[in-house]
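One chain comes next, on its own, written out as structure tokens in the form predicted alone.
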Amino acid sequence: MESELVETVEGSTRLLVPKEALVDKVPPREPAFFNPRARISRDFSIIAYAAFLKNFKGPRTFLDSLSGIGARSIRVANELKEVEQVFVNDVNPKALAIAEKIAKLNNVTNCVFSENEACRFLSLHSKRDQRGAVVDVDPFGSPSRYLDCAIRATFHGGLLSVTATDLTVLHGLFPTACKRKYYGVPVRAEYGDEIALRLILGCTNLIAGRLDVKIVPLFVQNNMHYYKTYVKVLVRTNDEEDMGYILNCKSCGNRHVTKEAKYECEICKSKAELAGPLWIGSLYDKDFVNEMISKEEQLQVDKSCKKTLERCKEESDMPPTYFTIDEIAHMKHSAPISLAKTIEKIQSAGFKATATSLNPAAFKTDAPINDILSII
């Protein structure tokens, strides 16, 4: 029996989605997959693409390699008037049929629909004059198998946005699988969301390096089971050392970035764990985040986006890894104090401290763990 399609609205775009996707706890894959809880992620995509395209010189094309019903790509076509052409690709003909209905519903005429395997689609756009200004890869699970093709399909100076949803792999439940897919291993830690994002960026960077391409992270975002990275792709060699490890000591709570594989904690001298190799450079470009904040006001997106972007701006200059207030309270054997009070105390002691967009109950600081514990 054919699934009933119902109308829902995201941004200023009307979508037609399988009814079960809105009522079932786990959205079904038949006739086509649509996850309503990924709306915030799509909102951030619209903001990021708008900010990026403002200064992009070249054909403003958008390539959606794994479009599903086209929720992201048709929102791009409908809400971002600066986009000239949108390529909507998926291997599922039922999903594409729904995407075409959504395009007609919104009077969108600049979409090209294609039924193809993602890498084959991206390979067709790997010639210099056919690449995308913005390329999106949003698979089930890991994006690693698509990164090679996606980088080749992105213009010099273009934007590549990549999604990963394989949390169990990125959070250390299957370290062998993580090493195979992302060329690095995580540690199970309170700041696992940041490790996951850095592993995705690290994998992208290693593949880009093999192609003599440099990536520059502009923005990252996580929401529930969803990780998304946004990087600028430059056809030039990267001479900077942006790969390394995060040393994590379970004995004293210390963590720090190192370019060499070391296993001894510099504070308590205990044997520590090592996450990586992964990206140890910046996660955010401050100017780009400022442009996103400016664009957010002009778009119909969730109100929470602005608060998240403000936190990204604050933490853009902070060192890697964050601490949660529950983690500190557990180490102090006491009840947690508020995030605002924690940050205030650390700043009053002469250290830098900010909230982080990656966890609503966490902070970043340049203070070592022993100083944090004595301050709180």
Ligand SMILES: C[S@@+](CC[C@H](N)C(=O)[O-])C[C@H]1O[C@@H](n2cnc3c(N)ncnc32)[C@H](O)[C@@H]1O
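We number the residues from 1 along the sequence you see. Remember, it's a predicted structure, so these values are computed and weren't measured experimentally.
Below, we refer to the form predicted in complex with the named molecule, which is not included among the displayed structures.
Partner contact region in the model of the complex: 85-93, out of 85-93, 266-274, 204-212, 242-250, criterion any non-hydrogen atom within 4.5 Å of the named molecule. The closest non-hydrogen atom of E194 lies beyond 4.5 Å of the named molecule in the model of the complex.
The named molecule in the model of the complex comes within 4.5 Å of a heavy atom belonging to Y146. In the model of the complex, at least one heavy atom of F33 sits within 4.5 Å of the named molecule.
Heavy atoms of H125 never reach within 4.5 Å of the named molecule in the model of the complex, leaving it off the interface. Three-residue candidate spot L66, A71 and N116; every residue lies within 4.5 angstroms of the named molecule in the model of the complex by at least one non-hydrogen atom. Residue-level contacts in the model of the complex: of G172, G157, G281, P139, one residue has a heavy atom within 4.5 Å of the named molecule, and it is P139.
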